[in-house]
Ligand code: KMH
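In the form predicted on its own, a lone chain appears below as structure tokens.
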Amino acid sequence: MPKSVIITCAVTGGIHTPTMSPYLPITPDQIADAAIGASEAGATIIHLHARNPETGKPDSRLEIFEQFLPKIKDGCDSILNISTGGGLGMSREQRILAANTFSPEMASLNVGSMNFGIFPMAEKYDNWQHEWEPAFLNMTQDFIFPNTFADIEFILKELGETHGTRFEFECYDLGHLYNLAYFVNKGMIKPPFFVQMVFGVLGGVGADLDNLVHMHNVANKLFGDDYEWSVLAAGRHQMPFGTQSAMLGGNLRVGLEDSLYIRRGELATSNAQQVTQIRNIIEGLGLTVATPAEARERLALKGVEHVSF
């Protein structure tokens, strides 16, 4: 029998800005409500960032995370995954602060440096809600998102060895799979591990289904049966790539971090709406959605009783 499909929902992220959608969760209450709603719709894992509640800018302050993490934990059973990607331009210490403080079951970990180009989005808007938005987008024309081997090793030790946190390893290109394999071969990453293949971000691998198949094949050669794999794709590619991953036996990620739309030209009104759509697709294929309990067992997570929030 095929495995049930793990749905991750990334509810706000650090890429899109408030001008782009009135439905993007900004405040701690909005983020908590979005996460709980996504869980009720079927999300197995909730991927979390924080934002400044007044401006919507990505924010690493602990007092913001403190306002929504306990509320989400109390409101649902989904696995809470704290990003260590943070916001573009944050220092390594800022990016890992929340995960290092709250000791979640899971945290994201980018496994390679890259040009991370979101500047083309600035061309689509004329009237901005906040001054920081166009500057934030445009600075990525001359920006490298740093995830060096030293950074990766530091986070593996800080979060993995100290806290027992497991990772969503975000791979934006083929070389990132080989970076991950380096740490696996070094013995710093133990199976089962969770590989999130990311498509359609300018500077990373393109959103072409041939690329998905190729990256999956390479991951199979590198990791064999030791890993779970998942797919996310930016923008209009979100649902097609998620569907293809499910059909190939993989898992998937949706959410307003990755796409603001539910279909062509129509903004998604909530994260739950996207989760519901992909759940209907999964079940229409004759597959089932993984429960948090199933995912905790498959990913060897430490359990919600061992987090610090």
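From a predicted model like this one, the values you see are computed outputs, not experimental measurements. Start at 1 and count along the sequence shown; that's the residue number.
Not pictured, yet referred to below: the form predicted in complex with the ligand.
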Are all three residues Ser78, Glu105 and Arg166 in contact with the ligand in the predicted complex, where contact means a non-hydrogen atom within 4.5 Å? no
Quick one: is Gln238 in contact with the ligand in the predicted complex, heavy atoms, 4.5 Å cut-off? no
Taking the ligand as it sits in the predicted complex, is Glu170 in contact with it (heavy atom to heavy atom, 4.5 Å or less)? yes
Could you confirm whether Val201 comes within 4.5 Å of the ligand in the predicted complex, counting heavy atoms only? yes
Taking the ligand as it sits in the predicted complex, is Glu257 in contact with it (heavy atom to heavy atom, 4.5 Å or less)? yes
Of these, Phe116, Trp132, Phe223, Phe183, which has a heavy atom no more than 4.5 Å from the ligand in the predicted complex? Phe116
Please identify the residue among Ala290, Ile15, Leu299, Leu24 with any heavy atom within 4.5 Å of the ligand in the predicted complex. Ile15
Thinking of the ligand in the predicted complex, which stretch from 124-132, 107-115, 206-214, 68-76 has heavy atoms inside 4.5 Å of it? 107-115
Any residue of 46-85 that, in the predicted complex, places a heavy atom within 4.5 Å of the ligand: His47, His49, Ser83, Thr84, Gly85
